[in-house]
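There is one chain below, alone, in structure tokens, taken in the form predicted on its own.
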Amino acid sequence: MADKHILHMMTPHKHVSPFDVNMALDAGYDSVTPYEEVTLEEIADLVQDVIFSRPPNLGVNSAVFFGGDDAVLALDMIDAAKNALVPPFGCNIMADPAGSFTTAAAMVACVERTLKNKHQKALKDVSIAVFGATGVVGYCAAVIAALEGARVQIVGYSGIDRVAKRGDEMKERFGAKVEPADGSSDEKNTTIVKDVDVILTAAKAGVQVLSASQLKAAGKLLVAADVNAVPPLGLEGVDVMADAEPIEGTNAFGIGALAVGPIKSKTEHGLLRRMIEAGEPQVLDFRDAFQLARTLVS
């Protein structure tokens, strides 16, 4: 009998994500077992149960996946899992809380492709404002873009304090330099977008971040991307299906949530397949997701 590919799916919440369960089984895992309401302190014991149940040569057939809806906690869980490994015993480790790592990777990859194809520019050539950057998708998108050399502002809806703390965290943890910005009013948001090349919106579903008139006032705008598929959309005038479509009244191109979505799904599927096919255990986070996503859009 062939050795089984087993995925242990852990979340700090009451339920694991059915989306991720389906993705894992479709990617080829023989078994997906949920572990719910898992705390950070429990990770080491769980991971060591995973690795010690099989001989070292079969460690690559076991995987641990971290979900939830907190990017920083998921990264902390990855660190706890790595620290719990006892070579030569090992396993694959991956996180994608609320699909945020793969969604952020897909959004930035779509923007990168559009900048290249429409404006002959790279991420390092542009300034980017990220709305919703304290949430999981916006947080990861901001870090990815900053690590690629973009000049990134992270915009906070409740003033500057919370988003400034997030910025400090991004710099300390990843070496990503970002600038916090106060987006607590429409007037302040209009001022922010007047001087940026790219807008990324990852706000809560059903929240309009910027109006069509605000986008028209963004005179330098090259690309605007939104990951909200629930009306009203995050960017007025950027259709949910838009895939590098002109934004009326601007010189920019829009990317909607349902253009990002297929790349997100392919990216998550691809990372899950990578763990199944790998010859050595993998550790995968949003940076790996971005490297894969940018190959999928090219």
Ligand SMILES: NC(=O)c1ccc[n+]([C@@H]2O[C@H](COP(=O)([O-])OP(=O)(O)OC[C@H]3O[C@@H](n4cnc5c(N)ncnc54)[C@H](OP(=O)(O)O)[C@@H]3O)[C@@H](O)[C@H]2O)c1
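Treat the numbers as computed from the prediction; the structure is a model and nothing was measured. Numbering starts at 1 and runs along the sequence shown.
Same protein, other form: the form predicted in complex with the named molecule, not shown, and the subject of what follows.
Enquirer: When the named molecule is placed as it is in the predicted bound form, are A24, A95 and Q291 each within 4.5 Å of it, taking any non-hydrogen atom of the residue?
Expert: Contact check failed for every one of A24, A95 and Q291.
Enquirer: With the named molecule left out of view, which of L85, L75, A164, V207 would have a heavy atom within 4.5 Å of it in the predicted bound form?
Expert: None of the others qualify; the residue that does is V207.
Enquirer: Can you pick out, from A203, L115, A109, A81, the residue that has a heavy atom within 4.5 Å of the named molecule in the predicted bound form?
Expert: Looking at the other structure, the residue within range turns out to be A203.
Enquirer: In terms of non-hydrogen atoms within 4.5 angstroms, which of the given stretches 127 to 135, 192 to 200, 144 to 152, 173 to 181 touches the named molecule in the predicted bound form?
Expert: Careful reading of the contacts points to 127 to 135.
Enquirer: Taking the shortest heavy atom distance, is N228 within 4.5 Å of the named molecule in the predicted bound form?
Expert: Flag for N228 set to yes.
Enquirer: May I ask you to state whether V60 is within 4.5 Å of the named molecule in the predicted bound form, using heavy atom distances?
Expert: Flag for V60 set to no.
Enquirer: Just checking whether A257 would be counted as a contact of the named molecule in the predicted bound form - the rule being heavy atoms within 4.5 angstroms.
Expert: The answer is yes: A257 has a heavy atom within 4.5 Å of the named molecule.
Enquirer: Heavy atoms within 4.5 Å of the named molecule in the predicted bound form: does G261 have any?
Expert: Output for G261 is yes: heavy atoms within 4.5 Å of the named molecule.
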